[in-house]
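The chain below stands alone, shown as structure tokens; this is the form predicted on its own.
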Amino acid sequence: MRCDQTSAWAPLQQHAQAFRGFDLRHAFAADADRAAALSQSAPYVFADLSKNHVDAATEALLQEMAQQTGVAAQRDAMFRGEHINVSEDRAVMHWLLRQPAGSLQGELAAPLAQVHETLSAMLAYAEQVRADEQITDVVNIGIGGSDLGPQMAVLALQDFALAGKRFHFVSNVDGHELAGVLKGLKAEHTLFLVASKTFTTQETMTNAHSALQWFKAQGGHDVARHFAALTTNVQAAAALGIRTTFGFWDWVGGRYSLWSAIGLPVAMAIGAAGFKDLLAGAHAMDQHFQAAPLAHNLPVRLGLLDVWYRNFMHYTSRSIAPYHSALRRLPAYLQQLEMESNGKRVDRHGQALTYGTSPVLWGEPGTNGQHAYFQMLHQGTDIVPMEFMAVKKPTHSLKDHHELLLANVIAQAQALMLGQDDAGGHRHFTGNRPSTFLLLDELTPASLGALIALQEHRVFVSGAVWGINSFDQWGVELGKVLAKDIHARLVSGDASGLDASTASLLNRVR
């Protein structure tokens, strides 16, 4: 059942109307147990939800809607391997990539065995490259999920990375990016990873061919040693001289592929043991999502909060502020995860929706954001729910830095809530601005794995409530198709049949 068809929908709308006068300051004053009641621990993650525009009645109504939309049944169908990606008739089993070997029976036993066969081969290759002192630079060529996931994780886990290896990520078809990376490299010391499931992605293959030309122009001869492919199209890779390939399956969506062979650069950076810890942390969150009662299930509570804000409070965006510099690419990663998954205007049956779906996600790491866009968050006309992320223990020994960082993130959440009433005009802060606070004890491969899996499952929950297919991305295709036509016209100069604006731009850039 779609959320707007449930008996909980109208009461939630009425509750939202009555909630317009809700004030966080009054809520805390009236309920000494609010922080405890709206806080929760899950594997590796502590979440404080108490500074959000919710109360016990809100959560109860949202939980009722989750029951009526069959969130638990949809979750269980995913973990059974059913084809819940209905528009492409595919299973959705990225969770299987972090499932322990031999832990499943029946129909899923064979694909799990294949997962671990590929994982073992990939990790063996990663260790081989880590031990190869001649290779000092690894260049990952991909785009979308083949770039954002591994890039985010390599940066996040840089304190666990092997010294003597540098990792570069090239995704943009803009040649300035690849050229800028290649300037500092030598062919004999560079390994290229070409990440494309089909080996046909335009941006990735354009960059791969240019990298191969550069390699040969620099005197490189052993393509098989200096190139590897993360693809299922072994023949296309072999045509370029690439002999080392690691594949994955059609039930792995790009934005969920970090756990697959796409994570090879992560494994090279942090080693086989570290990569297994990453998988184990994600699996721990999978188990929590599967087993915890919905009322105490952190991905469920976060996903329902997102629905509440989007459809009933009409907050259209969410700002992500990780207070850890190593997580600086996390906002971009979460943008793809949520907006590509849930940025849909039809339900899973192709029927137009009458309500909004994915919010706009945006953000920067703290404390940088405080000196950029936080002005709007505190005093702007729009209310933007914030999601703060912090890490309790640093991995550096610099005096005072981490205490100051933690003081800032806690203070920002406090300032958004409390505001400032004792000054008028330009110095007045309305306060009562909502935020969620996610805390890790340490940033490790396991805790990062759990944090990412938490976000994956949260997106699943909101998509399940909205009744949409969170696992296709047809909206990516139209521009790519039109670009092929425009590219041919740039070469020929033929603008016939184009609209006036496109024809004018075509002629101008030529």
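Because the structure is a prediction, the values reported are computed rather than measured. For every residue, the number given is its place in the sequence shown, counted from 1.
Omitted from view is the form predicted in complex with 6-O-phosphono-beta-D-fructofuranose (F6P), to which the following refers.
Judged by heavy atoms within 4.5 Å of 6-O-phosphono-beta-D-fructofuranose (F6P) in the predicted bound form, the contact stretch among the candidates 315-323, 192-200, 432-440, 217-225 is 192-200.
At least one heavy atom of residue 473 is located within 4.5 Å of 6-O-phosphono-beta-D-fructofuranose (F6P) in the predicted bound form. Mapping the unseen interface onto this chain, residue 484 falls outside it, with no heavy atom inside 4.5 Å of 6-O-phosphono-beta-D-fructofuranose (F6P) in the predicted bound form. Remark: residue 26 does not count among the residues lining 6-O-phosphono-beta-D-fructofuranose (F6P) in the predicted bound form, judged by a heavy atom distance of 4.5 Å or less. Contact annotation: residue 299 falls outside 4.5 Å of 6-O-phosphono-beta-D-fructofuranose (F6P) in the predicted bound form, judged by heavy atom distances. Screening 281, 366, 145, 363 for any heavy atom within 4.5 Å of 6-O-phosphono-beta-D-fructofuranose (F6P) in the predicted bound form leaves a single hit, 145. Distance criterion of 4.5 Å from any heavy atom to 6-O-phosphono-beta-D-fructofuranose (F6P) in the predicted bound form singles out 336 from the list 118, 245, 336, 342.
Scanning 479-510 for heavy atoms within 4.5 Å of 6-O-phosphono-beta-D-fructofuranose (F6P) in the predicted bound form gives just one residue, 480.
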